[in-house]
Each structure stands twice: as structure tokens, then as C-alpha cells.
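One chain comes next, on its own, written out as C-alpha cells in the form predicted on its own.
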């Protein structure tokens, strides 16, 4: 029988662990802290910023909100980063993108102290990840691995080391944010790891890879990309995709809301209902990987706090 992985419960479990560690640090006179850097008022970034603030409050972290105006200069933003680098109450700095066009992503990210780069944006930390020595694994890829590790222990009664070693893992999507880092994290656990992407599909080779995967991690950003024909019987499927699609009825007609506008819903990259009965386990969307992602960011901030206080 298919196991729908309860990622919300995993996220809550991790948060309890974070709160416990935070209380232990506070008993030593140390409080972790996260600073967000949002230039302007991008809606998506503001939503994410609000989530980070909420979780900081829940865990007992310090929280700093830096929100210069849309027309801030690059020099102004770098000055804010340098101030945060020097602020001992800030364990980790989270730049919220996109930045306005006058501000270079690369310049801002490269100015962040590598020991405060809690979402692994800095090339130094990405290099350590590639070498298998990650200090701060990126939050979403780390969430994928955490979900799989906890699934292995709880549902398959396996040591995660044995679960990953030699497993055929296929990643769909090769972005710098999810696809590449999660492939490194799997490879560093001695999985047999393949990365597929749009060019794999254009050559007609996607099914050749995905249909052989023991574990399929999908992060392509395309709704319903993965159907049952692309999934091996008994595979474990982790769907990282988040897509908004229009709702239609059985006849393909738009379903309207009370204001007469077409309804939308959030779906993943995997056709969940069509695929789930073919799998051993699958993560849902919504209430999937995203439920764990912010907690992994906070775990990185805890680690950063320990590093800055000589505890690691």
C-alpha cells in the first residue's frame, strides 16, 4: 500500500528538536538569530519573509528585518550586509530575491560572511557541498534528504546510510537551487545518482532514466510533468514542484469562484492521483517538501550560531 509521506508531521518534529537545541544554547547565554534582506516589496519574497519571522518567533530566535527601498543603491545594500556580518546577534543572513535590476545578485551574495550563508548561496559553500563537506546544505535540497532519511528510519526500519548507498536516484531538474545541490547530497551519500532535465526530455530520453529510479526527486517546475509511465513500480517519489494551475471540471470547463473568476489550485510536478498507487511512497503537494524547508534553514542557523560561538 502506498505511503503518503506526512511532511507536515516531519516539519513539526524538526521544530521541536530546534526549540530544544535553542533552549540549551540560551542556557549558555547564546541566542541564534536570522536576518532577512529584502530590497523593495516583491510579493513572493514578502510572503517568505513573513514565514521566516514566524518560525523565528516560534523557535525563540532573534529576528532582524532589513528592508531597504526598491531604489536603494548596490552600495547601500552591501553596507547593510557588512553591518549584519558584524552583528553578533545575527547567526545567519538570508537574501530574498529577486533584487532590483541595479543590484547584482553575485555582488550581494559574495559579500555575505561564508559562516552566515545559511542557504548556501555563496560559491565557497556551494564548493564545499560539491566536495561532500557541506557546512550549510541549501534548505530545499536538505529538506528532501531529511524527509527520505526519516522515512527510511520510520517506515522501512533502515539506517539512512544503508537506504541511500547504491540506490538508483534520479533527479528531474538541474537548477542551481534544487536539482544540482540535491544530486550532490545524494551522491555524497553514495547513491547512484543521475540528473535529467529539459534537454534529456527533448532527446526523448526522460523515461529511460526515470523509469529505472528507486527514488525519483522531481524539481522541474512543470505541472503534471511526471505521469505513471515515467515511474518505476514501487518507487519512492519526492515532488518538489509548486505550480498554480486553473481548475476545470470533468468536461474541461472552467470552475469559477464566487466572484466569477476561474479557480486555481497548487499542484506539484508529479500527477499525484495518477502516480501514487504505483509508488511505495510519495510526498504530496501542497503540504509536502515546503513544510520542511524552513526548518532546515533554521537548523543551518543553529549550526552557524554554534560555529560563531566556538561550539563546533
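A quick note: this is a predicted structure, and the numbers were derived from the prediction, not measured. Numbering follows the first chain given and starts at 1.
Keep in mind that the form predicted in complex with a small molecule is missing from the display, and what follows is about it.
The chain is drawn here without the small molecule; in the predicted bound form, the stretch among 67 to 75, 87 to 95, 174 to 182, 109 to 117 whose residues come within 4.5 Å of it by any heavy atom is 174 to 182. Only one of 79, 130, 198, 211 comes within 4.5 Å of the small molecule in the predicted bound form through a heavy atom, and that residue is 198. Of the candidates 152, 126, 191, 206, 206 is the one whose heavy atoms come within 4.5 Å of the small molecule in the predicted bound form; the others do not. The small molecule in the predicted bound form is not approached by residue 134, whose heavy atoms all lie more than 4.5 angstroms from it. The small molecule in the predicted bound form is approached by residue 242, whose closest heavy atom lies within 4.5 angstroms of it.
Among heavy atoms of residue 235, none comes within 4.5 Å of the small molecule in the predicted bound form.
Although the partner is absent from this view, residue 221 contacts the small molecule in the predicted bound form, with a non-hydrogen atom inside 4.5 angstroms.
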